[in-house]
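Presented as structure tokens, the chain that follows is alone, the form predicted alone.
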């Protein structure tokens, strides 16, 4: 397929705010493609050249790309920079300056970008510039626009993972209904390219057979939220397992022999960050396994330290030095794979029984503290005990025979209960930033408030929930324009009413934790609800699709639909 067809489709998508039209245009493009082209398109449409968990990076910033545009167009670097400054978009600058007719195919673009990613070490900077310049010379203006945006990670189409899954379902089954089956496969094997290629070449049944693969992270199972602790009996029944909820970083560890890789909740490879966990996992008797847990900072006695201390370990340099200053322990609570067999379809009691036999306690690796309860009083007593120790709360888990591990799903088999959920205390929410308003007075030159949204899982949309301006330090306010990615035009998946239109649209990719007094009905916000007196707490290492959902808000307001 000619890349010009891809660029034309991207241009059409960029101009629409309709998710339906976006899916239809993507579906039409995918249907015309070969299986290998489908794989490439699944990555490129998300502004990538590989799955999200991959460590493959292009490693080109705007300065390098500007030099490539200059070489391809014959213009001076000063002229290129002038165009970028004028348009605010290196992609548009490339389109304005490059006049070739364009002869690219999808395979040319993917092959070249993969070649750029492989260049490492001395002299690689100049090599990358030359390789991209050669590609741009063969591009038409509109092709150059999207090549540059993909390279810079600024595609701005507003397409999310679920949008791609919808388009694949429509293209190859004729209906959106098949998305559920595609999504289940994606939660177990989060590689859209592989799923798209399998669907296009072998059909839906082959996708349904996709299973766990070592060193490919499984999307984490998530917790639901309840309004009252007494709701546990209705949602789960008894007995239940009750675990200490640690305030750290979710880590999934994969082991095969002496090979170990660690993945975060966002599917990032964090192996290099936690050498002590890698060492501890290597010592497990199991030859092949995948364990799920929470990495926490600990003191000399092995007691959990605050989340802020833990975050000091997220660094590129001086890792060994900080490992001595701030030791880390992985508190394990689930076993997903053992000796070549997937356990995700087994019940939680069976998984935990095997986990107990697999994990032997050490300072860097031990089972999460838990008890089995037959009553609400038992849960409450354990909760109070954990709170006295400064725990984030508890996680209550179903022990029913149907208590499988639901990858990537926020179901009623796991429930979280935190101190702030109790009456008279503030709740917390994980919200996605979708817009910003310029500040005045003391906040002049930066953003004075942010437009934040919850996630509508059913429709793959972000619905506004509050305007946030409190809780930031002066330093945090100052860095906001640099930290947040501006989106030219409204993101396709953001739903906003006219009276809430922000000064600046923000790409819906940053998740923050926000506290608030209570939730009220709101005609101004597209969620139908507003968070009163919102206050920033911290940034979260979560994907936007893992933010607080509309269903959670309905649950908290006792309006959850069945």
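Positions refer to the first chain, counted from 1. In this text, all values refer to a predicted model and were calculated from it rather than measured experimentally.
Quick note: we don't show the form predicted in complex with ligand ATP, though the next part is all about it.
Asks: Tell me, out of 418, 81, 467, 138, which residue has a non-hydrogen atom within 4.5 angstroms of ligand ATP in the predicted complex.
Replies: After the contact test, the surviving option is 418.
Asks: Given that ligand ATP is left out here, which of 383, 472, 414, 263 has a heavy atom within 4.5 Å of it in the predicted complex?
Replies: Checking each option against ligand ATP in the predicted complex, the one that comes within 4.5 Å is 414.
Asks: Thinking of 244, 250 and 430 as one candidate spot, does ligand ATP come within 4.5 Å of a heavy atom in every one of them in the predicted complex?
Replies: Checked in the predicted complex: all three residues contact ligand ATP.
Asks: In the predicted complex, does residue 214 have a heavy atom within 4.5 Å of ligand ATP?
Replies: Heavy-atom contact with ligand ATP at 4.5 Å: absent for residue 214.
Asks: Determine whether any heavy atom of residue 222 comes within 4.5 Å of a heavy atom of ligand ATP in the predicted complex, and answer yes or no.
Replies: Yes, residue 222 sits close enough to ligand ATP in the predicted complex that at least one of its heavy atoms falls within 4.5 Å.
Asks: Although ligand ATP is absent from this view, report whether residue 542 comes within 4.5 Å of it in the predicted complex, heavy atoms only.
Replies: Looking in the predicted complex, residue contacts with ligand ATP include residue 542, since a heavy atom lies within 4.5 Å.
Asks: Determine whether any heavy atom of residue 462 comes within 4.5 Å of a heavy atom of ligand ATP in the predicted complex, and answer yes or no.
Replies: Residue-level check for residue 462: no, no contact with ligand ATP.
Asks: Within 4.5 Å of ligand ATP in the predicted complex, counting heavy atoms only, one of 253 to 261, 114 to 122, 316 to 324, 389 to 397 shows up; tell me which.
Replies: Heavy atoms within 4.5 Å of ligand ATP in the predicted complex occur in 389 to 397.
Asks: Judged by heavy atom distances of 4.5 Å or less, which residues of 322 to 336 approach ligand ATP in the predicted complex?
Replies: Only a single residue, 333, comes within 4.5 Å of the partner.
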